[in-house]
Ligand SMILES: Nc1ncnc2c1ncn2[C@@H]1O[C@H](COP(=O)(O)OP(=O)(O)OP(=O)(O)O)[C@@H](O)[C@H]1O
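Presented below, as structure tokens, is a lone chain in the form predicted on its own.
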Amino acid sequence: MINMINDRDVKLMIPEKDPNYFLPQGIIKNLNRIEKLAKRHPVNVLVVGKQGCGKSSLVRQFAANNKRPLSTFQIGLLSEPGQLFGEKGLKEGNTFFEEYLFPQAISTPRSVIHLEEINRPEHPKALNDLFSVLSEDRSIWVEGLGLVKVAEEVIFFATLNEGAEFTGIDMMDAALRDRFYIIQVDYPPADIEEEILCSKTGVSREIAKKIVKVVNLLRNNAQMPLSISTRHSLMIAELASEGADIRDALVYSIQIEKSILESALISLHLAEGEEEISDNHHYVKYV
């Protein structure tokens, strides 16, 4: 006999709205359509794009704007099938099944289930259970739990990074990918990225404009284009808001060859008449 251990008192929370989160109008319109479609039939959404471009934020803000509870699950932690639902254990000679949060989350009506880094499981077979819950039937038999059904209007969002620069990822199974609508996110246009930096870090528009200009020069560098995320732009702006000059803020926020950085700074007239980063060559006691 298998005893059940669970905690059904865990309350799933609706995330807070971010008043300074921007998306293209087309994506917003499509998210509104997805909200309506979920009332008619099961809906799954795959959000793809460069790292740090707001994929996870998109999921949070969709849940916040539609007043849906959100649960996030790190798929990269899965090493075997069934791991999302719970695990068997042995205590004082008795077998028990400890239920995890996932079955409770998918059994909560109108919840948003965020499957983060869906193409980075420790073992590909760890995703087998997802085929059932993402299908039209949306139910699965789990030993220790019985038949687990996905509740009404639950929406699954999956996010992933794709590209040779990411380690430990797999190509997403075609049959699994086929179950999703696709949303592609990218870097925001310069004026919007400037607005994001100003609103979230408090830097002036002038500083934000300089940061975005140099970041875009580095992104579009002909020799070695760099994937500098909006997250990194924010890190640069945060240092600048605490008094760092843009050169230092860039050096301490991203890994970059000095020659490429200098070229971008000179192009923006930020390096003219300046010496090398003298603070990096002047050692004092850190006390």
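These numbers were taken from a predicted model, which means no experiment stands behind them. From 1 onward, residues are counted along the sequence shown.
The same protein has a further form, the form predicted together with this ligand, not shown here; the description that follows concerns it.
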(Q) For the three residues F22, K50 and N161, which mark the spot I'm curious about, does each lie within 4.5 Å of this ligand in the predicted complex through at least one heavy atom? (A) yes
(Q) To verify the annotation, which of these, E153, E99, D129, E116, has a non-hydrogen atom within 4.5 Å of this ligand in the predicted complex? (A) E116
Q: Let me know the one among R138, K210, K200, R179 whose heavy atoms come within 4.5 Å of this ligand in the predicted complex, would you?
A: K200
Q: Report whether the minimum heavy atom distance between T230 and this ligand in the predicted complex is within 4.5 Å.
A: yes
Q. Hey, in the predicted complex, does S241 get a heavy atom within 4.5 angstroms of this ligand?
A. no
Q) So, in the predicted complex, is S56 in contact with this ligand at a 4.5 angstroms heavy atom limit? A) yes
Q.
I'd like to know whether L218 contacts this ligand in the predicted complex, with contact meaning heavy atoms within 4.5 angstroms.
A. no
Q. Out of the stretches listed (32-40, 56-64, 220-228, 247-255), which one is close to this ligand in the predicted complex, meaning heavy atoms within 4.5 Å?
A. 56-64
